[in-house]
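One chain follows as structure tokens, the form predicted on its own.
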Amino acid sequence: MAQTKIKPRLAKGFRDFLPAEMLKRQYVIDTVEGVFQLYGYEPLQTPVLEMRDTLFGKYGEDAEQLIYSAQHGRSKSDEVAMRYDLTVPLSRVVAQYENDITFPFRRYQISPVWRGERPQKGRYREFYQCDADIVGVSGMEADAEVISVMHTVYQRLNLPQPIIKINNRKLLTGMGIFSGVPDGQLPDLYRSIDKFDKIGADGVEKELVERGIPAEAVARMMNLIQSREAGVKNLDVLDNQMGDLEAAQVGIAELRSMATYLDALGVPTSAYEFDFTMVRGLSYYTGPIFETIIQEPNLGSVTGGGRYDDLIGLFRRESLPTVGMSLGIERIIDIMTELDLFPSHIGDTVVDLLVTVFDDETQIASARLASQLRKMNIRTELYMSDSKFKLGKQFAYADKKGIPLVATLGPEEVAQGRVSLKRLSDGEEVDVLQADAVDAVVNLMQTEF
């Protein structure tokens, strides 16, 4: 009985990445990782699966509907879930291994996460996050450094005019209190304002009224959050209006302190703005919050983060002040692809040079040359074929793969200890002793780029 063929396909929201795409992804990830290490952040890895009670109860009701859950075995103690982000796992790690960690703890993690999102452009069910966090520092110098890390990444990747939007959960709470929003409805306030970019001011105002918040409180709140002065002048507006209200003053003071540190770290005022309509939906944030928007193409925020001083306290007796951010690597890659921002040398292959095989008799000599080049860190592929060796076919293979250089060893070159090197982009060709092959290859590669 013939076996039915299985149609090759993927689940919605999941993707394969062929080599050309992977090279672009690796370029971005390597760049980001280099910036993290530049600031002294160290790598961490956590498992794909966490205990269900580790993840649930941390993100808020809307977010937790997107968590993939599983159960292995019959006991509730066997319930696990796929990580939703890298922040809650970090909090669990800090509590679990605190005796092995030196504080302040700067860590980064670059790993996939999973969410049951509705797939669309720039939004996937499996995607990579690139996180950097500082654990154990309560001052705004930590928040400013995290923002500086973000800004440096954007510079290294040449992203077009990213704007880092900054707000403070304490300030939002202060605005709500000042406006007369009942304490029990502050979470509703956050949820509605978080939709500002999607439904606009009128939509937010209408939704707040429908949630039962008094119309006069909504009007006062809308006036505050839509303040649009440049830089710290936007803080001055709120300072003048809300006076000595403690909740607001603490939030404003933190943002003023952050602005001072941002200046010291070389982050220009043109790179960020204080935007009081930006909320960040996750419930664990306790202080400053931030996210980055690129207007064209607009794929949503490419970075998000903030301070979450209470989260680690869910896993240990006392909490620890923590601030961090997460780069949306998928959206950054989509933007760079759409705007053709990748360097020209990020091509279709990792191979620098193809060593051809002239015939069966020269095959061993070609293998020796490939080994010699690899020992000198030249990324070298040795041509292999189950059919007869044809040089024309081998050159066409190199050209199709985007391999820039080809080495040829015929019987005459083998006898003389020489090799012919050709650069395919412009036909430049040199004939050198095999002992000089590495220098010749390096020279051809340098003039290529």
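Between two forms, the rigid core is the largest collection of C-alphas that superpose within 1.5 Å. Residue numbers run from 1 along the displayed sequence. Please read these numbers as outputs of a predicted model, since none were measured by experiment.
There is another form of this protein, the form predicted in complex with the RNA, and it is not shown here; the text below is about that form.
Undergrad: Looking at the partner-bound form in the predicted complex, is residue 330 within 4.5 Å of the RNA by any heavy atom?
TA: Yes - in the predicted complex, heavy atoms of residue 330 and the RNA come within 4.5 Å of each other.
Undergrad: So, in the predicted complex, is residue 90 in contact with the RNA at a 4.5 angstroms heavy atom limit?
TA: Answer no; every heavy atom of residue 90 is more than 4.5 Å from the RNA in the predicted complex.
Undergrad: Is residue 412 part of the interface with the RNA in the predicted complex - any heavy atom within 4.5 Å?
TA: Flag for residue 412 set to yes.
Undergrad: Wondering, does residue 313 line up within 4.5 Å of the RNA in the predicted complex on heavy atoms?
TA: Heavy-atom contact with the RNA at 4.5 Å: absent for residue 313.
Undergrad: Report yes if all three of 191, 195 and 420 come within 4.5 Å of the RNA in the predicted complex by some heavy atom, otherwise no.
TA: Yes, the whole trio is in contact, each within 4.5 Å by some heavy atom.
Undergrad: What is the one choice in 278, 235, 153, 282 with a heavy atom within 4.5 Å of the RNA in the predicted complex?
TA: Answer to the contact question: 282.
Undergrad: Looking at 302, 181, 365, 262, which has any heavy atom no more than 4.5 Å from the RNA in the predicted complex?
TA: Exactly one residue meets the criterion: 302.
Undergrad: Counting any heavy atom within 4.5 Å as contact, can you tell me which stretch out of 31-39, 48-56, 403-411, 378-386 lines the RNA in the predicted complex?
TA: Residues of 403-411 come within 4.5 Å of the partner.
Undergrad: Scan 418-434 and note down the residues that get a heavy atom within 4.5 Å of the RNA in the predicted complex; none is a fine answer too.
TA: Residues within 4.5 Å: 420, 422, 424, 425, 427, 429.
Undergrad: Checking residue 211 here: with the core superposed, does its CA move 2 Å or more between the shown form and the other one?
TA: Comparing the forms between the shown form and the other one, which are aligned on their rigid core, residue 211 does shift its C-alpha by 2 Å or more.
Undergrad: Would you say residue 416 moves its Cα by 2 Å or more between the shown form and the other one, aligning on the core?
TA: Residue 416 C-alpha, core-superposed: shift of 2 Å or more.
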